[in-house]
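Next comes just one chain, in structure tokens: the form predicted alone.
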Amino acid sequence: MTEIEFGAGLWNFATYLDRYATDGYGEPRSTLAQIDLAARVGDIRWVDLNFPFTDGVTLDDVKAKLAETGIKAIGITPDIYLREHMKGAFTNPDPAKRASAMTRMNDAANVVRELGAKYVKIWPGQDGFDYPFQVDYKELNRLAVEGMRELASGHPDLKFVIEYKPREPRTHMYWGSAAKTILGIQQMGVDNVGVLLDFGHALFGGEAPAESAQLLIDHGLLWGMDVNDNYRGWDDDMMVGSIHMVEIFEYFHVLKKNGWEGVWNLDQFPFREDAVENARLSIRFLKAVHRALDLLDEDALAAAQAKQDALGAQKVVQEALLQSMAGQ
């Protein structure tokens, strides 16, 4: 059994507010406090950090805390989706806003170098549109592609990953699907931009996450992943495996089949739940998935798939999953 490493977006250990609990679901936590909680989980070796860090926390503070806990930075996610860039980071109609977003992302790239992280993660949540006739689609595409090309070209020594999502906060996010993101990267003509596939975003977008993973792998663009779960109607960011057990198993089977190696990274928002226990239970399930991958009868599965025998394939899958979970 190959060894796997677990990670988490640091926001798994933050506190939140929404349009109902506007006073929040807990007292705000600093970047350093979030790292401490990640360390308490016990299995997390990597974290993806929001940038800028929380007020008063310096890069040296973060370096010291990561060294103290033995956790490494996998990525840096610049906050280009907050109020300042409510009309977009790359596709904002105001050139000054596009410039300020670019400055934020360039600063994040420098932090990646300082922390020795694997990539800059771009989640352009405000890039897109909300209403029919609101935008010129050709111009939107030009701004998105040229902006991402400019960013990546300015840092040829670094990797950038785009995390696509169909909607929220915009009703239509520009990078909205695996296929559209691949096409955009091809237009850029650079070799240091790939994709971070969020399992829940693929579900939310009506994709089969395993199929999306295969598509990205076939184009050499699956450079990172986040795992979670949802009911498909919204990006609920729930505990991984809480709903779509078989699909998460298929997703990781595709990764294994293709020899994909990377961190199994959690992206969850435990609004009301204990953040540490939430992560522990998710990792507990992921370890069962890992065992099940080794228990899966690959020959029997291949034979069933060759005949597109749905029931035969499901039987093979059930036997592996149930046997793995019985050993928990």
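Worth saying up front: this structure is predicted, and the values here are computed from it rather than measured. Residue indices: 1-based, along the sequence shown.
Omitted here: the form predicted in complex with another copy of the chain. The next part is about that form.
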Another copy of the chain: the contacting residue among 188, 111, 238, 255 in the predicted complex [heavy atom, 4.5 Å]: 238
Residue within 4.5 Å of another copy of the chain in the predicted complex by heavy atom, from 134, 100, 106, 153, is 134
With the partner removed from view, which of 114-122, 68-76, 82-90, 145-153 is the stretch that lies within 4.5 Å of another copy of the chain in the predicted complex, judged by heavy atom distances? 82-90
Mark residue 159 yes when one of its heavy atoms lies within 4.5 Å of a heavy atom of another copy of the chain in the predicted complex, and no otherwise. no
Interface membership of residue 301, another copy of the chain in the predicted complex, 4.5 Å heavy atom rule: yes
Could you tell me if residue 264 has a non-hydrogen atom within 4.5 Å of another copy of the chain in the predicted complex? no
4.5 Å heavy atom contact, residue 249 to another copy of the chain in the predicted complex: yes
For 15-49: residues with a non-hydrogen atom within 4.5 angstroms of another copy of the chain in the predicted complex? 17, 18, 19, 20, 21, 22, 23, 24, 25, 26, 27
